[in-house]
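Taking the form predicted on its own, here's one chain by itself in structure tokens.
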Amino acid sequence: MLYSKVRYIQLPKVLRRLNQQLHFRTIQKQSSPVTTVVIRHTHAGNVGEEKVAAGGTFQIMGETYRADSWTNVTPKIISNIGKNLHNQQHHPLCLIKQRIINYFYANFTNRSENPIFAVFDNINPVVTTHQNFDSLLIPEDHPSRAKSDTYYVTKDQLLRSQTSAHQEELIIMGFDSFLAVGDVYRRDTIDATHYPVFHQMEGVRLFSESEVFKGVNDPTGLTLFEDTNQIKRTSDKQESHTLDAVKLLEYDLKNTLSSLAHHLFGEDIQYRWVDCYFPFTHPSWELEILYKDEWLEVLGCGIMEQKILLNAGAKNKIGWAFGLGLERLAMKLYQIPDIRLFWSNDSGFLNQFKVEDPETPIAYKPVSIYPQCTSDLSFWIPKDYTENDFYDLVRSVGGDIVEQVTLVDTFLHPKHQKTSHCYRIIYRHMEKTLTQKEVNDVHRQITQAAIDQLKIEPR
């Protein structure tokens, strides 16, 4: 076996202090008179959809920001910032995080038998557009940059949509091997497997020339880099890399991650590698495992784009990187059927994960099942309408009693050339049976908020 069972391992003090520095570091903002914007509540226990007006101010984790035309983060989303489910002891996301860390700590050590991977799990989620996009070579016209996909705090700052946003700064700080864990934010559809806040782990490992070729009997003549004036990019490698170096790195990456899959899901797990594309790695792959007769994507990975390393001051090294979603792994590993459960404070859910050893096998048992309530909402859409604006509004007004929102019909009026959408909203409380009156009240609030905020016209 490639790993041994390890219980919770404490970070060295120097890394804990560095985590805190990264967590509390803020971006300097110009001082100017501020206007406080009051955020109202529209439903019991849930923050309403009312957004911050341009020029107004709002706070995230104690820092004050001035809204501009790009600001689209909602009070509901802001209310989830800082909860750090992945750091709450006995939470399923904390357990899966620790199992992965244990694997890396046990299998990757230096001569003194100390772990070579540093762990950062408390970094502030507010990042710059440079961190989230530019540093990762994401094109200017990439859909992920759009306001319809990303939560912007201001034009130049946003809630990170991936933990990869911290690659450059950590490499600049001198870290060659690290795991970055945290909450990430994306505007998305509403169903049992999607939530606007979820948790990712980013893994990076850099290698010098001697480290890449240390297992080769005679490394004479082997180098990391080609003459880029003569070599073109192929499906197997980047322009600057030698094929020898890339193949050795690919073997190390795939062996590391397939062993992680065995560590999490058992030695008998079947897996396969699928070629894919990411802007920040080439070549790139996704790892899929056969789980309960279905091929499940577990993570994405690849050889890091050399330009990222050049920009971070690591020009003489090459590296690999991977990213995985903690919720996706935990839902399969612990048989959790609904992503909303991770945000539940119900003791019947949380007590099932109260174990001292994170390696303890756990199968979630539903506390109880409550009936669904369904209501449809049809309206004419305005010209600048985007679906994710409506999904955000429904989440903010309805909170977590909204289980799913589905577009069930689209109609184009032949005479007026107006388009209408019909959405089916499924309501279900995680902890009690909803009355029809409760559902109707929330449904009316959603309708009114859509009229006020999105300028829709009910049919």
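Bear in mind the structure is a predicted one, so any value in this text is a computation, not a measurement. In this text, residue numbers run from 1 along the sequence as written.
There is another form of this protein, the form predicted in complex with a small molecule, and it is not shown here; the text below is about that form.
- In the predicted bound form, residue 344 stays away from the small molecule, with no heavy atom inside 4.5 Å.
- Shown alone here, residue 321 lies within 4.5 Å of the small molecule in the predicted bound form, counting heavy atoms only.
- At the 4.5 Å threshold, heavy atoms of residue 278 reach the small molecule in the predicted bound form.
- Within 4.5 Å of some heavy atom of the small molecule in the predicted bound form lies at least one heavy atom of residue 325.
- Every member of the trio 164, 195 and 298 reaches the small molecule in the predicted bound form with some non-hydrogen atom inside 4.5 Å.
- Here the chain stands alone, but in the predicted bound form its contact with the small molecule, taken as any heavy atom within 4.5 Å, falls in 290-298 among 241-249, 370-378, 290-298, 87-95.
- Of the listed positions (339, 224, 362, 77), a single one reaches within 4.5 angstroms of the small molecule by any non-hydrogen atom in the predicted bound form, namely 339.
- The partner is absent here, but in the predicted bound form a heavy atom of 188, alone among 389, 168, 176, 188, sits within 4.5 Å of the small molecule.
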